[in-house]
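Structure 1 and structure 2 below are two forms of the same protein chain, each written out on its own as structure tokens.
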Structure 1
């Protein structure tokens, strides 16, 4: 297909700093790369969760007229806390899992491409 490894094309995070480093799938470097990418992803998901968690009491305090608006017999604040909070946390978890698996697949594809290239295949 091409001369560039998967996930290292122009505009991809793996190639943002210039020449991408080489690594093997079962090496410490590979493990560190996967863990580092997953840590960055988990911190982003955690930041979104904290914004939601802190935002609910702040919205109740600073926007009481909106928080006390009734929808389906509940105030908006109780509707969010009792019903919508759990689906939102599920969505954040789902995003983390799917993006994390995609990161692993991208790194494995890149490593196997490099291994195949180095062995002459």
Structure 2
């Protein structure tokens, strides 16, 4: 493989069966597809955490009456950080892993090979 991968190769785009275009594995478009799709998914999941991690200290600081309300013996902020946070990580991780694995199947299905060899998809 040379320095600059060919934009189009034999069998690209194949577009066999599906509506989504297929790209040659070593093409620029294919790498872009692989990276940006995964990065978008990761960033979406992580955004939820950014909101929570940035938000909790701010809520604690600006809304202490709410953060320190007593619920079931706990303060609200203790209940969230000490107990409820963990199930939240599980839910997000679950969503991420199932979507990410589905995404990988799609990525495989959208690849073609120079030799004309097709993926099992």
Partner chain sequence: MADIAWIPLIFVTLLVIATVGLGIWVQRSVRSTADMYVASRAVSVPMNSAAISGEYLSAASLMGIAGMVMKFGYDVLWYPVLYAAGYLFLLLFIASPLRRFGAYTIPDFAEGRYSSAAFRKIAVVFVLTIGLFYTMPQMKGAGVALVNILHTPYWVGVVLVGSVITFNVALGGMKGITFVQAFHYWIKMFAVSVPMFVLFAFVGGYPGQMAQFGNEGEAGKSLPRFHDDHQITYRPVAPANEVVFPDAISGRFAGGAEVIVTTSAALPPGSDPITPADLVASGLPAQTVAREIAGQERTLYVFPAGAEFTTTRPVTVTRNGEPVIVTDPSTRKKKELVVAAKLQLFPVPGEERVVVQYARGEVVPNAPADKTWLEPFGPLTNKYGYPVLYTYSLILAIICGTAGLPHILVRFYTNPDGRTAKRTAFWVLILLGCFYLFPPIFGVMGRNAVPQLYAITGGAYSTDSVILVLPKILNQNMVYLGDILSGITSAGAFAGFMTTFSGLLVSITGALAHDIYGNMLNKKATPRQRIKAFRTAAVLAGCGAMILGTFVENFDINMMVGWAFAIAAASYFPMLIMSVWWRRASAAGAAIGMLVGGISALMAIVSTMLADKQVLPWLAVWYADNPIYRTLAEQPAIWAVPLALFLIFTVSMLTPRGVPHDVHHKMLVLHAPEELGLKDEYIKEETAPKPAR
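Because the structure is predicted, anything quoted here is derived from the model rather than measured. Positions refer to the first chain, counted from 1. Whichever C-alpha set is largest while still superposing within 1.5 Å between the two forms counts as the rigid core.
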| property | result |
| --- | --- |
| Selected structure - criterion: the form predicted in complex with its partner chain | 2 |
| Cα displacement of residue 107 between structure 1 and structure 2, core-superposed (Å) | 4.9 |
